[in-house]
Ligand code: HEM
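This document starts with one chain, in the form predicted alone, laid out as structure tokens.
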Amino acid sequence: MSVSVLSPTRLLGSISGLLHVASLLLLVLLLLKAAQLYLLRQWLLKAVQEFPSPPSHWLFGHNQEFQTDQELQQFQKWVEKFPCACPRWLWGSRVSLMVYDPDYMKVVLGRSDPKNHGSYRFLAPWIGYGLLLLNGQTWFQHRRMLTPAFHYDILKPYVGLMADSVRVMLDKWEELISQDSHLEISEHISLMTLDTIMKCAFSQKGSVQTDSKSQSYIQAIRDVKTLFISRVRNFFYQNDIIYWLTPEGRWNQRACQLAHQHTDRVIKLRKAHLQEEEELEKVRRKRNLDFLDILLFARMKNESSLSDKDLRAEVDTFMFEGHDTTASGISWILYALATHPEHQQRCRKEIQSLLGDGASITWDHLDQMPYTTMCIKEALRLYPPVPAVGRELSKPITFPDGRSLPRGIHVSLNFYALHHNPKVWPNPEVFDPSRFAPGSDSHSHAFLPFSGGSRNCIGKHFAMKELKVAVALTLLRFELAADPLQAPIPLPNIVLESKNGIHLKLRKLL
């Protein structure tokens, strides 16, 4: 009996042959991928050919033009040069039509196109598929289920809770400025708006503004937002496997885990509270339920297909959107008033005549401060909390000027560019509250701080009430001035932020 054994030479020859075949297969795959990307680029070039734009690099697109600190200034240059809309190439095989014309906005927001899956899916590990990311019938079901949580009967008692949270923050500011009048306000405001949403929508007792766990949550959200923008702009991070193996990907996972720990704790505490028979009956007798109670009762009664995963996604979504966008709005409004003392003083006089010392502020008061409301809206025009949202066209679209796009193209509704469009708002960089005076005539889609159409912000009335409460109570307590040495640098992240914070000088009013 003989045994055949491969000689070392034949073995090496076999390995070499396998490597040769593998190399050929890899080369073929790379060529096929290159051909696919080339054909996609040619299709995209043809799709947006009716919309001129500055020259772009075949691989890096317009990324080199959009330096981190200059992105908003670049938007404004494009708005002035290219009417209505302009293609922005993120890289060679990805383009988004940036829209900043009210007629264009009206057409897109009047449709039911889904969110742009290409970018928004990067948020899913953090906020899951709640109202922000859902599309189609599932989105409609969740929206219809949650709309009662924002009925005015529910919102009315929240004004007192909002005021309590604002006063805690203002008390803290009084202590801090006793040592130095210069203060970075955005971090304090983020904690205050988180405190408010925890009380109003999630039945939280007490204040979270001094809780280290809440501060960890705020930092985690800040990290996730920064990492999201970094990933969107990096060609190599588009692949999930590659991204999660990178240091940024692992950092993203840790930040998401911290955010989830916070929301899981909120859900667990509320569930435990509802297990008490007396509390459960009290909640059942309420004609209108709070946000979290609506979700928990839908889950308990099995009246919908709401899973535990869906529940957590909605909580994660609203925990973020309910505090972060509002914090951005309040921070920039106070900055705008600080840089325009004449308008600040006029608002203060209006509020003083209405509220006195501000010991009591009610729902009805919030509709009796017209000039303050005009200033708030003008600040939201200059500094929209959500700079842009994305859509993916589910069918072809034709705009009022006759230009069209095919199905599948990504559209970016750029609210910042719209609000700074000189053809829509003359002298757009000037702070002019009279733009929003009663009876002023403007396009229905010229001012969109809360988006528009069927997918507008579900919490916009809640947010406007909170903005008014925060501004009114702050102006009654402090005189605000800008810090000339630390002017904010606006950055269009998921929400409009300042790269270096928002620094003000505060003087306590007697």
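In this text the structure is predicted, and so the values were computed from the model without any measurement. From 1 onward, residues are counted along the sequence shown.
Not pictured, yet referred to below: the form predicted together with the ligand.
Only one of 22 to 30, 53 to 61, 39 to 47, 459 to 467 places residue heavy atoms within 4.5 angstroms of the ligand in the predicted complex, namely 459 to 467. Although the partner is absent here, residue 322 sits close enough that one of its heavy atoms falls within 4.5 Å of the ligand in the predicted complex. In the predicted complex, the ligand sits within 4.5 Å of a heavy atom of residue 455. Looking at residue 139, you'd find a heavy atom of it within 4.5 angstroms of the ligand in the predicted complex. Remark: residue 96 does not count among the residues lining the ligand in the predicted complex, judged by a heavy atom distance of 4.5 Å or less.
Checked against the ligand in the predicted complex, the candidates 221, 197, 79, 375 yield a single residue with a heavy atom inside 4.5 Å, and that residue is 197. The listed set 347, 169, 409, 131 contains one residue whose heavy atoms approach the ligand in the predicted complex to within 4.5 Å, identified as 131. Residues from 373 to 412 that approach the ligand in the predicted complex with a non-hydrogen atom closer than or equal to 4.5 Å are 385, 386, 389, 391, in the order they occur in the chain.
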